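As structure tokens, one chain now follows by itself in the form predicted on its own.
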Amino acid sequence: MTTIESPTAAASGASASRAVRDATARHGQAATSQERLDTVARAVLGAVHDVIREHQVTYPEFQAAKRWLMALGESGEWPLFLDVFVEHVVEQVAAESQQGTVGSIEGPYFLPGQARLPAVCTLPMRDDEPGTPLVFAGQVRALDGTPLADAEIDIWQNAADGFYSGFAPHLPDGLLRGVVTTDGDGRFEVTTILPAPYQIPTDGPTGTLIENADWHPWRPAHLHLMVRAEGHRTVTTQLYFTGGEYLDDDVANAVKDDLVLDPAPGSDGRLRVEYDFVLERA
């Protein structure tokens, strides 16, 4: 399965930049000491210096890199570039000290403030929404197995053509996005469609890098989830699907075996899959 090309890098970059600013408002500024900043900044610069020495980077290559970095900033693509090529390592480091459901990257397409939905619901769709129907169900529990009533499952995904609402002008705002509240037993059941694999925007500086390095720009089909419950650590993750394209060579390196689901037809013929979320105390 393939999809049509993603929206322009400039449009996606502008939307992603707004989302990053919203995320800063949600999470606050990093409480980093001067000593910590000194240590990390020196390490990053040292790594760059080592690459220059090891690979004998020339002045023309250095100037080309400067032009590319300037274009990356001017286009607003820093969120896209960092989320695709860097965030998965930050998430891996965070996971070393965490328990419960396995996390994954948030990516650039999260938008806060979406429609609030009951435990059994259908994500906002158009009347003639294309795609394969999918029922996604499960339970949110604490580490000790206690069901977490009124937990929130913030879910977002792309449409069958590979686009995300809020980042593609032809899609209605809020399409295939919602905040689901679990019932008294921590359970939920969401009717949606099977998401599609998609390519990240390639008409800007990030695409230039991918093309010139002969990489591919594709991500496998996935659901995005951000699961919250009072007194517990929020889990941000992605769920993938058995047999999907690009599972083994995701451009964002975000696929984990524990996050690959295997939907099967239910009694009504619709694809159905279950996945439970386990949250640790904050």
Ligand code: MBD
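So that there is no doubt, residue numbering starts at 1 and follows the sequence shown. On a predicted model such as this, the values are computed, not experimentally measured, just so you know.
This protein has a second form, the form predicted in complex with 3-methylcatechol, left out of what is shown; the following refers to that one.
The single contact residue among Leu72, Leu194, Ile105, Leu123, judged by any heavy atom lying within 4.5 Å of 3-methylcatechol in the predicted bound form, is Ile105. Only one of Val235, Ala221, Ala252, Ala229 comes within 4.5 Å of 3-methylcatechol in the predicted bound form through a heavy atom, and that residue is Ala252. The candidate site formed by Leu80, Val84 and Tyr198 is fully in contact with 3-methylcatechol in the predicted bound form, as each residue has a non-hydrogen atom within 4.5 angstroms of it. Segments offered: 207-215, 143-151, 173-181, 108-116. Contacting 3-methylcatechol in the predicted bound form at heavy atom distances within 4.5 Å is 108-116. Using a 4.5 angstroms limit between non-hydrogen atoms, Phe136 is distant from 3-methylcatechol in the predicted bound form. Although the partner is absent here, Phe188 is not a contact residue: none of its heavy atoms lies within 4.5 angstroms of 3-methylcatechol in the predicted bound form.
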